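One chain comes next, on its own, written as structure tokens: the form predicted alone.
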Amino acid sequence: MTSEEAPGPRDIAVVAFAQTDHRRTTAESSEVEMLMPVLHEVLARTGLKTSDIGFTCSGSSDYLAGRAFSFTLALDGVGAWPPISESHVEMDGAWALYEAWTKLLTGDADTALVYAYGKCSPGSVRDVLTRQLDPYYLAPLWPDAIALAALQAQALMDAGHTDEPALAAVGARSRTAATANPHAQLKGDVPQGDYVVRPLRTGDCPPVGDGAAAVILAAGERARQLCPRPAWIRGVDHRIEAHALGVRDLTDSPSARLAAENAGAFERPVDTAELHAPFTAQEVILRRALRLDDSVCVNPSGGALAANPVMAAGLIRIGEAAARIHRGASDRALAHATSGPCLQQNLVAVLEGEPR
């Protein structure tokens, strides 16, 4: 076969998305019980059965679950018999979607189920997330996620890029937008509240809650059969910053910018951006890094400030962006996910709908 005759890369699309109603606590449910209705819903949207899925990939954290290999229990909700082709990432579900996307690109499967879940309510998620820091110099000091985000916000203020009223406006806008999102945990007029760690107030921080989400990917004509208007993934890339916070410029996100560039986000304007910005200051940073002006509708779902189930919030950003394309509210969208302290790791996906 000559190079002229070689087939091009496969077109992969998000064809279905489902998520839980995100709540402060789901103490009455296990991870499996929380996850099962979401899996049933996302399959029902396409008419597929578990046996029709060519590849399954999940994202979660053993630290949240408090036990090793906790993802194996979640397979009870998926239905792993007969044996399925399955993988797992100890990351936000957005990275599981990346793995599933690459699997479909190889041609080894035509459909993929991607899901993620997190129960933050059983313990102190602020303390749990400290375990991802450098184990020699930072982790022994126990700086939690909010303290580190406050350092980032203060650095942004000191650089003259924002102030407290501007951050309050980000939170207010996000939760106002969430009034149209039936799954959001916080919505409407939420008080800015007292300082948690200066300069961040309660309203600048995400809610603690439990939740899960799932998407189905399909390739080529299979996607068109399963969805009236597929959200085609035109590019995905993820990059990482240095682990040591002291060698990074916390007011910028070069990894997000590079991921967006490699995903093709700057080739043409986007009309929607779902940003995984758990703290208000992080939206300011991401808007600058991703070159999003006021013409772009940012976080119409409310974003992570309205619901932030750890390990699922990034996948939800991709799902929300895809859902807007499915229903015709967007033609070209950017979805972003992050993991680690102060926007350490960033993934960007560009999705498009077919011309109407």
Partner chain sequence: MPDVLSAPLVVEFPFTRSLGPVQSAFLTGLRERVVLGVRTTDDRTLVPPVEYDPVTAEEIRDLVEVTPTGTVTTWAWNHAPRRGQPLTTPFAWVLVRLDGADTALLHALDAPGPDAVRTGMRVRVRWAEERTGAITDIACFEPYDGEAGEPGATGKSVPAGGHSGVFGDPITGIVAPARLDYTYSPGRAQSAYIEALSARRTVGERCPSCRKVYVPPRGACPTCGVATAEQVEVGPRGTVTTFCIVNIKAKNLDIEVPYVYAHIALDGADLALHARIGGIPYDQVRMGLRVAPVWTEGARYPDHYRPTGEPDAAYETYKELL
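Residue numbers count along the first chain shown, from 1. Nothing here was measured: the structure is a model prediction, and the numbers come from that model.
Just so it is clear, the following notes concern the form predicted together with its partner chain, a form of the same protein that is not shown.
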Site check 87, 166 and 172: each within 4.5 Å of its partner chain in the predicted complex by heavy atom: no
Heavy atom within 4.5 Å of its partner chain in the predicted complex - the one residue of 254, 269, 122, 193 that qualifies: 122
One residue of 181, 111, 162, 154 in contact with its partner chain, assessed in the predicted complex (non-hydrogen atom, 4.5 angstroms): 154
Segment that reaches its partner chain in the predicted complex - one of 288 to 296, 314 to 322, 301 to 309, 62 to 70, heavy atoms within 4.5 Å: 62 to 70
Contact label in the predicted complex: residue 36 to its partner chain, heavy atom within 4.5 Å: yes
Any non-hydrogen atom of residue 249 within 4.5 angstroms of its partner chain in the predicted complex: no
4.5 angstroms heavy atom contact with its partner chain in the predicted complex for residue 234: no
Partner proximity in the predicted complex: residue 198 to its partner chain, non-hydrogen atom cutoff 4.5 Å: yes
Sequence-ordered list of residues in 138 to 168 near its partner chain in the predicted complex, where near means a heavy atom within 4.5 Å: 138, 140, 141, 142, 143, 144, 147, 148, 150, 151, 154, 155, 158
